[in-house]
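Below you will find one chain, with nothing else, as structure tokens; this is the form predicted alone, and questions on how it binds or moves follow later.
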Amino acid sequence: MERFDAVVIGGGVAGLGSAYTMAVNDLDVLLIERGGNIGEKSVYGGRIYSWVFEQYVKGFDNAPVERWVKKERLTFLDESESVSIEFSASRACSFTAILTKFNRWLSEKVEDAGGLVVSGVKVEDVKREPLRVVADGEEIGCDVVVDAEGVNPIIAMKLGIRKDWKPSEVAVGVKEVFKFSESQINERFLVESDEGLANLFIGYPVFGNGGGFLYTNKDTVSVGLVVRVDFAMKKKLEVYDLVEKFRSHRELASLLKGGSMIEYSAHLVPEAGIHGVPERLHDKNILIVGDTAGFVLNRGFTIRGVDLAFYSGVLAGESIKKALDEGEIALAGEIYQRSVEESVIMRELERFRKALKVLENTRLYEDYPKTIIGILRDVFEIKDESKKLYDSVMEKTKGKKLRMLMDVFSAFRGL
């Protein structure tokens, strides 16, 4: 039976972060990916926060970055109109990327550091005493297993490390990619060739727990919707119908005019924040990382997943290295648990533990976008007489001022 210091299950960013960290520390590591090629099954919105890669990946300057995000835009939609708030930054802390390309680049970094990456192989089981991974009918021995299988934690559930997701804890995301020329994107979104836009949408057509997004790449635009599963079930919504309505809205239609759709994908996204993280992140020497552990933070106007997933993989790799160096490999899981609890991952999830409750307030998605749009319509629409701003605000908020103040206060505290 072949034997490794560690076997990593899954070739997403969390698994690659773990494998890379162990490989650069001279551990004998094997990463197994079910997809035919690394990155083949990777789906996400489009933006990655750069801090963890700049800190931990040697040669990050050569990463396949599409554009550095220097424009942040928040857009409120009703059925036919829109209001946008835009922030233009002098420096960028995030970038857009094609995750397929980015993960393949990371896998090359793993192999350059001495790790073994195998794709097109399905892990069927993990057995204990002795610890071994069963893949395509063969058993592979190891000291530690890192479970990075993603949002569908089949192995982790089988081992009893975590429970399956509830409909209120996950959202379904649908993404479409449209092809343009680089110059078209620069002109349409008023950016330079190395600059990008991240645009989040609230309101139509979801009017509930979810919203839209648009990210600019070098010569493509990623656009789509994310809708929480329990809300879609309750309202009997067909997400692909919502995507059609979203794309056809005059705001989106003008941004996507002339583009050719080249990709359509869907994916489940953890939405529960700290409430979706299991109390224990390991069972002895079987560690869970990334989406499997629920390390995603949605604050409404920012969504963090890729950076937290990669960092959890780094912490897992460092914990395994430390346990081996101390000759106490059986403590790898405990070291990892402490590392995560003391890390920025849990600090961020704990800091925004109220975000889930705030984002369950459907008034944020329907009442307030329509109210904001209605007030600004009154301000800018001139007929024979024009409306005073005060009169419009009082009219549009009649009977709900106290409720709005309470909602705003709750949002300030939670988000």
Partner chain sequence: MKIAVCVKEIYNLEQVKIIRETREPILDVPKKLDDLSKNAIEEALRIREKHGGEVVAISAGSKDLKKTIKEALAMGADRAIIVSEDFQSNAENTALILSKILSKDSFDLILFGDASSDEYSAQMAPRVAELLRIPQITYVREIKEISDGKIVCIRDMDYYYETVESNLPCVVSVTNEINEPRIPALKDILKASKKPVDVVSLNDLKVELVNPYQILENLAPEIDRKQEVIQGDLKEVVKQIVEVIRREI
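Residue numbers count along the first chain shown, from 1. In this text, all values refer to a predicted model and were calculated from it rather than measured experimentally.
One more form of this protein should be noted, the form predicted together with its partner chain, which is absent from this view; the next part is about it.
The listed set Asp125, Glu341, Asp194, Glu138 contains one residue whose heavy atoms approach its partner chain in the model of the complex to within 4.5 Å, identified as Glu138. For the options Asp26, Glu40, Glu54, Glu350, the one in contact with its partner chain in the model of the complex, meaning a heavy atom within 4.5 Å, is Glu40.
From the list 200-208, 333-341, 306-314, 110-118, the contact stretch for its partner chain in the model of the complex under a 4.5 Å heavy atom rule is 110-118.
Although the partner is absent here, Glu328 sits far enough away that none of its heavy atoms falls within 4.5 Å of its partner chain in the model of the complex. Heavy atoms of His249 never reach within 4.5 Å of its partner chain in the model of the complex, leaving it off the interface. Contact annotation: Glu182 falls outside 4.5 Å of its partner chain in the model of the complex, judged by heavy atom distances. When contacts are judged by a 4.5 Å heavy atom cut-off, Glu263 counts as touching its partner chain in the model of the complex. Taken together, the three residues Phe76, Gly276 and Lys387 lack any non-hydrogen atom within 4.5 angstroms of its partner chain in the model of the complex.
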